[in-house]
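Read the single chain below, which is given as structure tokens and is the form predicted alone.
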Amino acid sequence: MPEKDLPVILPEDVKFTGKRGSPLLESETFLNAECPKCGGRARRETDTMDTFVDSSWYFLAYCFGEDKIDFNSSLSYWMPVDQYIGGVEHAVLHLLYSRFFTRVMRDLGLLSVSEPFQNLLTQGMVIKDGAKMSKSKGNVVDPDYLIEKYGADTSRLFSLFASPPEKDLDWSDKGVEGAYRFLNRLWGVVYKNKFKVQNSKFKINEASRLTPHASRLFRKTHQTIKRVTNDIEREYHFNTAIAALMELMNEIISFEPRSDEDWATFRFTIETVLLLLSPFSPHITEELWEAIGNKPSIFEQKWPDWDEEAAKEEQIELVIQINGKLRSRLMISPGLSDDEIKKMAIEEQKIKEIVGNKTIKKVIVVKGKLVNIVI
């Protein structure tokens, strides 16, 4: 259009039918125009909205009910969005336009917030044979093939275990096999011991009543609940959550129950593993939950809580040397940093007496074993 004829005003008499295509296609006065160059018949473009216009405000539409748009109560209750998760290609344009729209609506008095999203997590790509997995490259792994060979649970578990969500995932057939083996080990352990587990009626009140090896498994279970919960809810690192469950699985396999207390601990740990694994591999966990005599569905159960006291590591004995000679011992928690261990060793009363006014040249920490103070 010549500049003198701009802007082209959109008609207001169009009907929004919800059918496919632009409502402008039904407006003869808008659709049919005269070519400004030759004077012949012309057709105006009806696709006038960029796709980013839709994706820049759709989250606001989710806040409204079906019947009415109530800007004040609905938007003030739901906005801003707590967590936005999307591909890395959205991290600039979509996010930028969403912020533009949000601020315009704020300036119009329709919104009370300036930012649409509180947190952003950009997920990585899936890489196979060194290239981004895509249909155009022909390097896509067929999910139907994986599900037919390994099952949906294995496919889900590997995809989540292979990398943290913000990193690219390197597809590996060996990795799929590893996830498959883990689920098979879990299945084998449960079915091997299911009758003993079903008949275990003893209740664990506190770890102090347990045998030393049962107490270790009890502690590891509470540590795993804490780690998996934090990895899912705070970090979104599903790979480390699954790794923690694999570690606990190794403890279960090496555990040999003998007493009623042992079997009660074993049952508690098995049930915890199934509950924590259920979001990742829902089908096998539902099956095994029923196999050990539990009803109703595992997905109607409460997410397990951890006991902070039970999750504490046992204290370990730390040897303190001066110039390579044993001078004292100290009981410490294994989670301390090197700097904390150095400080505790230097301030130990017997060590302070030996060091006296001498100059400390170096403090060497061997994690979990000893501290050597060089004077």
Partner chain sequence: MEERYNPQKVEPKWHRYWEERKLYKTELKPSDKKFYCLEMFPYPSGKIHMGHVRNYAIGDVIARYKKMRGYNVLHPMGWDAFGLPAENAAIEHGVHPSEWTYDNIDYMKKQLNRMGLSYDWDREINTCSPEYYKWNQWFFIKMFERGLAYRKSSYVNWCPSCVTVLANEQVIDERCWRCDSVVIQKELEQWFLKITDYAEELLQACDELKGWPEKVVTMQRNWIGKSIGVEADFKIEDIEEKIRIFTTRQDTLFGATFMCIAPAHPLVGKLVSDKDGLERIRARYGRMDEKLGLFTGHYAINPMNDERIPIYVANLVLMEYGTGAIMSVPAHDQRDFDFAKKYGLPIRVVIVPEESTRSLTLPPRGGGQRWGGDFQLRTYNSSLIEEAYEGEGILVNSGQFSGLRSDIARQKIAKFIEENGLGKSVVNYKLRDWGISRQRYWGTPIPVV
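For the two forms, the rigid core is made up of the largest set of C-alpha atoms that agree within 1.5 Å on superposition. Numbering follows the first chain given and starts at 1. For clarity, every value in this text was computed on a predicted model and none was experimentally measured.
Omitted here: the form predicted in complex with its partner chain. The next part is about that form.
Using a 4.5 angstroms limit between non-hydrogen atoms, Q321 is distant from its partner chain in the predicted complex. Using a 4.5 Å cutoff between non-hydrogen atoms, K174 does not count as a contact of its partner chain in the predicted complex. Not displayed here, its partner chain is kept clear of N250 by more than 4.5 Å at the level of heavy atoms in the predicted complex. When its partner chain is considered in the predicted complex, V92 lines it closely, a heavy atom lying within 4.5 Å. This chain is displayed without its partner chain, yet in the predicted complex the stretch 57 to 65 from 57 to 65, 341 to 349, 307 to 315, 326 to 334 comes within 4.5 Å of it by heavy atoms.
Contact annotation: of the candidates K220, R267, R227, R156, the single residue with a non-hydrogen atom within 4.5 angstroms of its partner chain in the predicted complex is R156. Residue I298 is the only one of I298, V197, A244, L111 with a heavy atom lying within 4.5 Å of its partner chain in the predicted complex.
Annotation for 173 to 188: interface residues with its partner chain in the predicted complex are Y180, L183, N184, W187 [heavy atom within 4.5 Å]. For I252, the Cα coordinates differ by under 2 angstroms between this form and the one not shown after the core has been superposed. Once both forms are fitted on their core, a CA shift of 2 Å or more is seen for N32 between this form and the one not shown.
Core-superposed comparison between this form and the one not shown: CA of A264 displaced by less than 2 Å.
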